[in-house]
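Take a look at this single chain in structure tokens; it is the form predicted alone.
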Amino acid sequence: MKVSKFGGSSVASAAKFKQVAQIIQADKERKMIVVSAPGKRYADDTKMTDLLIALAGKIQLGEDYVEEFGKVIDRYREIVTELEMSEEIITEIIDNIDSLISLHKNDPFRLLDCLKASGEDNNARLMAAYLQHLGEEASYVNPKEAGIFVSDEPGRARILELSYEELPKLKEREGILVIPGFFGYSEQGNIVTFSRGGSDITGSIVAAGVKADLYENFTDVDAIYSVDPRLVEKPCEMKEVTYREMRELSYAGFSVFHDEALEPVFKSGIPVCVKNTNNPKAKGTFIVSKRKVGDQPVVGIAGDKGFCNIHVDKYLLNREIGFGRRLLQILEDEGISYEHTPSGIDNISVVMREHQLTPEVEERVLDRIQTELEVDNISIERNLALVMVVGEGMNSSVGIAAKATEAFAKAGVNLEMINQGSSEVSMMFGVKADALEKAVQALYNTYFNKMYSISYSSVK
């Protein structure tokens, strides 16, 4: 049995609905389908989720929202009309959105969460109705009915263990089950969404809950590439990558797979295959527990902007018990999460997402560090980018880090910091944000472009 998730670009129009239906019908093992809200039909289009956010905004301000409501319904109506389906499903969708507005119009946070969730919810209703229209035995399954129970944290829900007691019951049902992604229900009965892009999380949860043989994640690329194809022309495709490698790459900027979505399937050991809706015959990329490394220790390179670094110096810091704990406690008190903590014998750096350090927070943090920890020097470096070199094979290969630093030197990229975890699945390099593209290209050429490596070696 397979759980198949279709992203927003895969269900953006009537033509895409037809493609998805053909994919489902082509394999009888595809019994459980998870869908996103309609994505962009073309470059300048607006995603359904953004239309719903605009609708919620108008209601929250107490303004007329007829136009925004109409845009939402028109997207669904266009799909229904082109698929030559009954208008009854549109009436059902209108009634659903109306009921959400009536129920939550005086609670802006719940209203926003419920309306965002309705994009996936109503698209699942529509997909199930279309499969029935084609003669398939299919049914829409609400997340509450499916047993997807989450923490009551709008916009950042976490799955509850109770869900894994309920989800196996889905296997007892007949036909194709269509489940909306992106949200679940709290134990109090509230609709609660995952973070943006969380339909991947739903697919992974369902796959783990029913102990699927495979979780298929359909998107708009043939495979996951070793580097962002916007930065490198015709990059290598990754045929196989481990959960740990994918987690590192997702964290560092790979947008193909939501970085929280791997946890359920990772714990259950269920393989994932990322496939192309537009080219379903392509093998795609498999995400697995273990893979054969071969002669290519590095599997991918990723980079992301928007970081800053707090650097602290104190003589004999290494002898001061509890210094690191107290430093991180100050950040915790301010609600700041950190990414990396490179350190030396008399210094330590804390790398974090830059948006967390507003001017007011920065002033409080620096004052507390100076006063409570009595440091010699403290500084903040902004506009940083992190570049990750990822590969399970790096721990048994000599010279991986040396190649990276040589590549940066040749490309004229200045290194701000280096950090390598004890697992050696990844190496992190900090560079200035404006040097990110050059840094990623230099690393890709070093590890993947053999002609470049040969010519570089001959020059040396």
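Under this definition, the rigid core comprises the largest set of C-alpha atoms superposing within 1.5 Å between the forms. All residue numbers are counted from 1 along the displayed sequence. Here the structure is a predicted model, which is why all the values come from computation and not from measurement.
Unshown form predicted together with a further copy of the same chain; subsequent notes refer to it.
- Contact annotation: Thr81 falls outside 4.5 Å of a further copy of the same chain in the predicted complex, judged by heavy atom distances.
- Within 4.5 Å of any heavy atom of a further copy of the same chain in the predicted complex lies no heavy atom of Glu68.
- Contact annotation for Ala302: none of its heavy atoms lies within 4.5 Å of a further copy of the same chain in the predicted complex.
- a further copy of the same chain in the predicted complex is approached by Glu248, whose closest heavy atom lies within 4.5 angstroms of it.
- Put simply, of Ile53, Ala401, Ala433, Ile59 only one has a heavy atom within 4.5 Å of a further copy of the same chain in the predicted complex, and it is Ala401.
- Put simply, of Ile336, Ile101, Leu170, Cys273 only one has a heavy atom within 4.5 Å of a further copy of the same chain in the predicted complex, and it is Ile336.
- The chain is drawn here without a further copy of the same chain; in the predicted complex, the stretch among 327-335, 139-147, 171-179, 87-95 whose residues come within 4.5 Å of it by any heavy atom is 327-335.
- Contacts with a further copy of the same chain in the predicted complex, taken as any heavy atom within 4.5 Å, map within 339-365 to Glu339, His340, Thr341, Pro342, Ser343, Gly344, Ile345, Asp346, Asn347, Ile348, Ser349.
- Positional change of Phe109 between this form and the one not shown stays under 2 Å at the C-alpha, relative to the superposed core.
- Once you line up the core between this form and the one not shown, the Cα of Leu316 ends up 2 Å or more from where it was.
- Once both forms are fitted on their rigid core, the CA atom of Glu187 lies less than 2 Å apart between this form and the one not shown.
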